[in-house]
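Only one chain is shown below, in structure tokens, and it's the form predicted alone.
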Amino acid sequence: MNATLKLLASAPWSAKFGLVVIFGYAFIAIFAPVLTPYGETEIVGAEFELWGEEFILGTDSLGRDMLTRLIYGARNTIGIAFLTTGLAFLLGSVTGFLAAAISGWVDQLLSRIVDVLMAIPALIFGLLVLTIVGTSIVNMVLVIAVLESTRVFRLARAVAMGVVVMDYVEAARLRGEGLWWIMSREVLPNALPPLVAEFGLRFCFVFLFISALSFLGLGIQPPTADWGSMVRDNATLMTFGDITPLVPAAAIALLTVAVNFVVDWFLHKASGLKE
């Protein structure tokens, strides 16, 4: 505990700011039902009411409280992005470690599949597949996870390639240890720092990807609150000089910047470089 506090105390102001923002978003997402004055889909006023005492951020195109929708949007958008990133890392890291540990035709097959998927622009491919299979949350999570796992595969394979040739891995093989034991006990601990940093960066990409799909109408579907769709649904207010659509956009940007601050600090600490 003391070591953790000392580490946090030595962090630069940018990393501290990022951690505060991340924990703040996490708190809001977890306790959204307690923090919101109304229900997520509850219509409580007229369309596009102005900011005031009753509705701090006004109402949306259907008369739902924007503050409530913004808070629930944190739970939905961040939660789904975190789940998708975790699934992408599970798929990408396991296949990457397998390709490095087994090599040969397994490495060639997995690498060529990844090359094909990476050759197609992710947003276009995601739009195409979701248009065909449907825009449910499950489909969206699976499609984005598969697309993002290709980037994780590349990193995991590259890092694991440098680990599997080490003497202690060869000693484990000579002891008769199995493939799964070598991957989990020898490769994973030594590949963890760059993968943890990549998780933060990949979360940002997934988070922005989901928001972009929702803005285009193929992401999280109404009436579920989502920051991307909130920007789209209230964009008409910009014509009248109302900045309400910029609030969910600012929430997206703030979290992205905060995560990048923390990832930069973690990479610096993991590299072993001195200030």
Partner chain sequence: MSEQSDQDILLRIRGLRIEGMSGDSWQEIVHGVDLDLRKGEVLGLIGESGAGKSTIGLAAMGYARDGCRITGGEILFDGMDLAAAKDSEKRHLWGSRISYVAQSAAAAFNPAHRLIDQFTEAPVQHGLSDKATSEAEARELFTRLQLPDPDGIGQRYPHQVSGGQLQRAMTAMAMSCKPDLIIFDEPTTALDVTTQIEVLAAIRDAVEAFGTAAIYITHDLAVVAQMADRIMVLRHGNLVEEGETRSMLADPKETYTQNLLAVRSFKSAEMANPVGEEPLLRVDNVTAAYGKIPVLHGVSVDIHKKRTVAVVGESGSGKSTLARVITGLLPAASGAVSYNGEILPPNYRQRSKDQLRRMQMIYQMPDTALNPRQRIRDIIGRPVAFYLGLSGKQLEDRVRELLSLIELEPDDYIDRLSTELSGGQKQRICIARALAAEPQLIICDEVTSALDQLVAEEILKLLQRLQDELDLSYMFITHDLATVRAIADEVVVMLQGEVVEHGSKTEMFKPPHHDYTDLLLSSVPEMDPDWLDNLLAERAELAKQGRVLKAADH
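Bear in mind that the values here come from a model prediction, so they are computed numbers and not experimental data. Positions refer to the first chain, counted from 1.
What comes next is about the form predicted together with the partner chain, which does not appear here.
Remark: of stretches 166-174, 130-138, 84-92, 200-208, the one touching the partner chain in the model of the complex is 166-174 (heavy atom within 4.5 Å). Contact with the partner chain in the model of the complex holds for none of Gly45, Glu49 and Gly52, as no heavy atom of theirs lies within 4.5 Å.
Using a 4.5 Å cutoff between non-hydrogen atoms, Glu186 counts as a contact of the partner chain in the model of the complex. Contact check for Asn190: a non-hydrogen atom falls within 4.5 Å of the partner chain in the model of the complex. Of the heavy atoms in Trp180, none are within 4.5 Å of the partner chain in the model of the complex.
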